[in-house]
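What follows is a single chain, given as C-alpha cells, in the form predicted alone.
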Amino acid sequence: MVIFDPFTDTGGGLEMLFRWGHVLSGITWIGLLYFFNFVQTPAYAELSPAARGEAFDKLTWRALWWFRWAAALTFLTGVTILGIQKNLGPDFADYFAGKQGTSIAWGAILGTIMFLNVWGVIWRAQKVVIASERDKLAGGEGDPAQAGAAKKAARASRANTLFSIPMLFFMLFTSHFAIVGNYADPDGGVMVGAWAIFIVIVAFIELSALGLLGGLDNFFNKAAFDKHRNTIIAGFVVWALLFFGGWELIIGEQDTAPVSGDTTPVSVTVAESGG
C-alpha cells in the first residue's frame, strides 16, 4: 500500500496522517475560540446572573474541555510533524533559514503562544470562574477572585483571537505563496530586520494581554480587546504589519532572472510543503 511505503520518512504516510490530525484538531480549537469570543461572550452579557451561572455550569465547562484538548492535540501534532521532517538532516536547518522556514516558524510561534495562553492562563482562570458560578448556584456567595480571573481569561482569549488571523495566514502562506510569490530568502540583516518586527509586535501584544505592560486595562487592551469587532480589526492590522512590513518591504522580491543557459525549472521539495 502506497501510504505505508515509505511510512516514517519525510513526506511519507505518517507525516500525512499527522497533518490530517493537525488540521482536524486545529479546526476544533480555533472554531471554539471564535465561538467563545464572537458568540458566548456577547450572549452571556445579556443573560441574567442565574441564567449565566447555569450556562457556565452546563455549557462552558464542556466547551472548554474540547477547547483545551484540541489546542493540546494541535500543538502535539505540529511538533510531531517537525520531528518527522528532522529526518531531512542538514536540509532541516537550511529550510528554517529560508523564506518558507521563516514563514512556518512565525505561524508555529504564534500557535505555540496561543497554546500556552490556553493552558497557562485561560483554563486556569476559567476554573476559578466556573467554580465560583457553581458555588453561587448552590446558594453560596461565589469567589471574590472571580472578576479578576474572568478578566485575565478574557484578555488572553482575545489575544489568541487576534493572533489566529496572522497565524493561519503564515501557515498557509508557507506552501501556497512563499515559493510562487518569488520572495527572497532572508539572510543577514534582512533576516534580523524581519524577525525584529515580528518579535516586537508579538511580544507587545502578548505582554499587554497578560497585564505586564500597564495592567490588564491599559490603553491597548481596552482599544483592541474590549469589543470582539476591534479584536478582529486589530488582527488584520497586525497581519498587515507583519506581511507588508516584514515580507513585502524587508524580505522583498528575489531576482528571478534565469541563469544564462539554464532553463531548468526549480523543483519544490517535500521540505518546502510547510505545516
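So that there is no doubt, residue numbering starts at 1 and follows the sequence shown. Keep in mind that this is a model prediction, so the values were computed, not measured. In this text, rigid core is short for the largest set of C-alphas that superpose within 1.5 Å between two forms.
Beyond the structure shown, there is the form predicted in complex with a small molecule, which is absent from this document and is the topic of what follows.
For the three marked residues, 22, 104 and 167, a heavy atom of each sits within 4.5 Å of the small molecule in the predicted complex. Heavy atoms within 4.5 Å of the small molecule in the predicted complex are found in one stretch of 135-143, 171-179, 186-194, 149-157, which is 171-179. For the options 117, 126, 74, 161, the residue carrying a heavy atom within 4.5 angstroms of the small molecule in the predicted complex is 74. This chain is displayed alone, yet in the predicted complex one of 56, 29, 247, 225 has a heavy atom within 4.5 Å of the small molecule; that residue is 29. In the predicted complex, residue 93 stays away from the small molecule, with no heavy atom inside 4.5 Å. Contact annotation for residue 202: none of its heavy atoms lies within 4.5 Å of the small molecule in the predicted complex. The closest heavy atom approach of residue 79 to the small molecule in the predicted complex falls within 4.5 Å. Looking at residue 122, you'd find every heavy atom of it more than 4.5 angstroms from the small molecule in the predicted complex. Core-aligned CA deviation for residue 169 between this form and the one not shown: less than 2 Å.
After superposing the rigid core, the Cα of residue 123 is displaced by less than 2 Å between this form and the one not shown.
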